[in-house]
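First comes one chain, alone, set out as structure tokens in the form predicted alone.
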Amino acid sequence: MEKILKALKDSEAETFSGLFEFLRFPSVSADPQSAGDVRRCAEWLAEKMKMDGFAASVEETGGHPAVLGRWDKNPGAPTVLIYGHYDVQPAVKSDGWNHEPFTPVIDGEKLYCRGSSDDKGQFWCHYAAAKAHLKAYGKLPVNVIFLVEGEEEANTGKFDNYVRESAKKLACDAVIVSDGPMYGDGFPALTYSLRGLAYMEFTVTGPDRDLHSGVMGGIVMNPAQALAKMITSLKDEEGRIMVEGFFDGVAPVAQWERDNWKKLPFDEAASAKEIGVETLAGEVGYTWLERLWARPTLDVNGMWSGYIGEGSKTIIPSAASAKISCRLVPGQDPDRIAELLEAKMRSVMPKGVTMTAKMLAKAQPVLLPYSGPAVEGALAAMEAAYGREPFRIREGATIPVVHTLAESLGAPVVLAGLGRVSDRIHGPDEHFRLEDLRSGMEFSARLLTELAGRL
């Protein structure tokens, strides 16, 4: 292993240079105007893999392309599929960035750029580790497949269809996913559960046009006020979701998990301060970690209606809309939750307005094995790389493709987040700590060796 770690250190300038070039592509999958940049990023990555000794191709998915890389020159060795995504969230400097969002900048011990943590930087840890093995010994201890998605942030479902249809050529003995945070600063962790998602948009419509609030005020139901009242009915004052059937199938947290979570450090005051609020909030009767990991949520993501420009415009708006997302836990189904939520909204809708509802995105919750050869190998590699015993945790976020990978490939999926909650992913000044980049590369280098001897 020392020879491989030396190869990582000796190649650091080259590793950073390649990552910087990768980050400069504004590969925003949700913006149709960025489609060209998304494809150029995929083409660049495929060519980069070819130059570095991997077979690689740009794969059409019906949406944004994926990149498939492969090194399969070790007959009889297990095959490890490493998943990542090269698409990113939108970003402009006026959002509050201190640097241009698609110009990589090292400031202090942090690499600032959109995608630095989510997920180009984390994928690059694995890519650099594989290259270090090749540099040190001319071969890898396992066969490797790189599968890099181009629309994880858009969540259209087309990549999932590609995985299902390509299951034979993606056959492997284990799947590695690094697309998320560790448990707090300096606490490495493996994740065995992810929440799912039901994301909906509701539009409430009243009159067929905006009306004068003096001439017509008092005799017309205001759609904005109607929608606000409907939304407030979705939760009670103690944060409980008041949608009939919403919690059907939600399993209680096992006692071994409760005992494990009690050992995890969680500073309520520090967590509140880090996000700029006075106190945390949520469903009464559950611990903070249960709320984050094992309980479903319902949140308003955005609302709009009427006149919001400068000055006054006295109207009763014609319509009002809201986007609402529910994070789901194992035992819940996004389609069923969408049906229940729509039914609840219609049941409390006042007379004088109509409503339309549509599903914008969905993903199944995931519960993965928390033991087995792949998991034990990852835990050993992580402890050696980070110098401390890693935790086994759940995660409140959603990675839609994980369920598809596990179901379609039939191989154990190991979720090993290499970033931090404080990396500001999806927001201004997203960054990846250089310490985490280096530790992530070492972890991946050790992981390939561990899996060779365990799978």
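Just count from 1 along the sequence shown to find any residue number. We call the rigid core the largest set of C-alpha positions that still match within 1.5 Å between the two forms. Owing to the predicted nature of the structure, the values given are computational and were not obtained by experimental measurement.
What comes next is about the form predicted in complex with a further copy of the same chain, which does not appear here.
Using a 4.5 angstroms limit between non-hydrogen atoms, Arg195 touches a further copy of the same chain in the model of the complex.
In the model of the complex, a further copy of the same chain sits beyond 4.5 Å of every heavy atom of Gln364. Heavy atoms of Ile316 reach within 4.5 Å of a further copy of the same chain in the model of the complex, making it an interface residue. Among residues of the shown chain, Gly218 is one whose heavy atoms approach a further copy of the same chain to within 4.5 Å in the model of the complex. With the partner omitted here, the residue from Tyr370, Phe187, Trp288, Phe247 that has a non-hydrogen atom within 4.5 angstroms of a further copy of the same chain in the model of the complex is Trp288. Out of the listed residues Gly206, Pro104, Gly84, Pro78, Gly206 is the one that sits within 4.5 Å of a further copy of the same chain in the model of the complex by at least one heavy atom.
Considering a further copy of the same chain in the model of the complex, the lone stretch of 59-67, 412-420, 33-41, 391-399 in range is 391-399 [heavy atom distance within 4.5 Å]. Of the residues in 270-299, those that come within 4.5 Å of a further copy of the same chain in the model of the complex through at least one heavy atom are, in sequence order, Glu274, Ile275, Gly276, Val277, Thr279, Leu280, Ala281, Gly282, Glu283, Trp288, Arg291, Leu292, Thr297, Leu298, Asp299. Once the rigid core is used as the reference frame, the Cα position of Gly276 differs between this form and the one not shown by 2 Å or more. Annotation: Cα of Pro317 displaced by at least 2 Å between this form and the one not shown, core superposition. For Lys358, the Cα coordinates differ by 2 angstroms or more between this form and the one not shown after the core has been superposed.
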